[in-house]
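What follows is one chain in structure tokens, specifically the form predicted on its own.
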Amino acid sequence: MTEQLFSAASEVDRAFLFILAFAVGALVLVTALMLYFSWRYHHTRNPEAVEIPGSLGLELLWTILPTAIVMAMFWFGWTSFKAMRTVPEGAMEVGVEARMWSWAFTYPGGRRSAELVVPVGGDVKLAMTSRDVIHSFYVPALRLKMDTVPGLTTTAWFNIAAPGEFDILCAEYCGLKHANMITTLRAVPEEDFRQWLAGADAASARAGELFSAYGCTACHDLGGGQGLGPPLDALGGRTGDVLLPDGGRRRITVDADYLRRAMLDPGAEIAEGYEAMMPSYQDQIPEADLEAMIRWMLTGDTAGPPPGRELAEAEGCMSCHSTDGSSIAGPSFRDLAGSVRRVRDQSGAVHEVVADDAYLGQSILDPGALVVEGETPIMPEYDYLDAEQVARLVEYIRSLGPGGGAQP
């Protein structure tokens, strides 16, 4: 079992271990009796059947003992259920909205995000619902699982004793991309949570603090000077040669994809004139910090993602739409704006349209009106978004088009 990070998890684990012990014990007992009876009453030892009279003691035993076991199982189950359902007074309430195929979390003050961020040691109450079908909010590390039902608000609560990141899954099959319905529960110190809730996320920290925190400044200079590795400032658009593991070389233009590869798999492309000594930062830098560092190296700006990107993440768009040209469940946002699309309207007619602002806005609010040929019409309507929010999403998609300039 994983570490008990949630106080009520001990009750759940106790109920589980009791039931497991009983099941294993019953299996061993029944198997042993079966083997013994097969030997003891084999026809070679009992060629003639005899009547075995009843036993009041045995009848009482197999009535009282199962009853006691069932009552004990009920008690352990009830105490664990009560611990998981009794929300402490003063718990911070976070709204949870499930939809195919993403989670959205709304905090006091109105902040909305696609991952659940909570303070370490703080009691958190979840008020959960669904916009389409039944989903199930499941955090294995906390032994926490609760269905989210359309038109109904279900509740659960938890607290976390230590910082860390934990998976949030959907435990109820909910459609084609059910496996994509995964996000993160991030527990951070109280002060970090207050800053995050106020909007001062780690991704907006100074570049120097980020690069220093991950040890980059030990080998790289941020002001153009030489070090053991290349300087990191104003790299966007630069060209240069890199050496490949097979001894070859190729010319590259520095962009977001190249910088990401250089940080996560530095041995794959070595800048000419430098040694292959940089360690990989794969799974060591949170995505928000990684994006901020790449953005600074390209533009000198450490601001957070474009407002439209933050909204797209919060609304779960990234569960089905990539930003790098790859296919998930719907068309990629990369180079979508301005492209020509073959679509099928509600009458079944197929024609071509240009993905301009009007088309993109309609696709967000009423995705069933024009379905891209070859795509499955699975996207839900986002008709609850206001005009300003739709405009932000359209602007973000447009920024990822040819020459848009935004980093995915």
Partner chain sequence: MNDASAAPGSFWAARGLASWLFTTDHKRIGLLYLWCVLGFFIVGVVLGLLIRLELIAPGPTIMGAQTYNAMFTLHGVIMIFLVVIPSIPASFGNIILPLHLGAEDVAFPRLNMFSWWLYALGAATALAALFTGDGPPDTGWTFYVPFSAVTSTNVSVAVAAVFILGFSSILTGLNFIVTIHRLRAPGLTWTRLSLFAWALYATAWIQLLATPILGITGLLIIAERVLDMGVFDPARGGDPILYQHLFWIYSHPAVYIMVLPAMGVISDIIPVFARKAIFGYKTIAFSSLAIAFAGSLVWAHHMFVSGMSDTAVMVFSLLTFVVAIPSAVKVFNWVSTLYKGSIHMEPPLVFALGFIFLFTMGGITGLVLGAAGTDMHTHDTYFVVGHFHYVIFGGTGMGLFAAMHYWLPKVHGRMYNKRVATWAALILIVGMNGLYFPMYVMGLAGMPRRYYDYLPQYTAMHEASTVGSWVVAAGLALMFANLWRGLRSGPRVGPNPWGAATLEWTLPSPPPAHNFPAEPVVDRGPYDFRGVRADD
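In this text, the rigid core denotes the largest set of C-alpha atoms whose superposition between the two forms falls within 1.5 Å. Residue numbers count along the first chain shown, from 1. The shown structure was predicted, so the numbers you read here are calculated from the model rather than taken from an experiment.
If you look for the form predicted in complex with its partner chain, you will not find it shown, but the lines that follow are about it.
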Problem - Heavy atom of L385 within 4.5 Å of its partner chain in the predicted complex - result: no
Problem - Contact label in the predicted complex: Q195 to its partner chain, heavy atom within 4.5 Å - result: no
Practice task
Flag V118 as yes or no: does it have a non-hydrogen atom within 4.5 angstroms of any non-hydrogen atom of its partner chain in the predicted complex?
Solution key: no
Exercise for the section: State yes or no: in the predicted complex, is some non-hydrogen atom of G122 no more than 4.5 angstroms from a non-hydrogen atom of its partner chain? Expected result: no
Practice task
Select, from the options 254-262, 72-80, 269-277, 311-319, the stretch whose residues sit within 4.5 angstroms of its partner chain in the predicted complex by heavy atom distance.
Solution key: 72-80
Practice task
State the residue from N180, T106, S332, T217 whose non-hydrogen atoms include one within 4.5 Å of its partner chain in the predicted complex.
Solution key: N180
Fill in the blank from the handout: Of L228, L152, L244, A162, the only residue with a heavy atom within 4.5 Å of its partner chain in the predicted complex is L152
Fill in the blank from the handout: Contacts from 82-103 to its partner chain in the predicted complex (any heavy atom within 4.5 Å), listed N to C, are K82, M84, R85, M100
Practice task
Return yes or no for A49: a CA shift of at least 2 Å between this form and the one not shown, with the rigid core superposed?
Solution key: yes
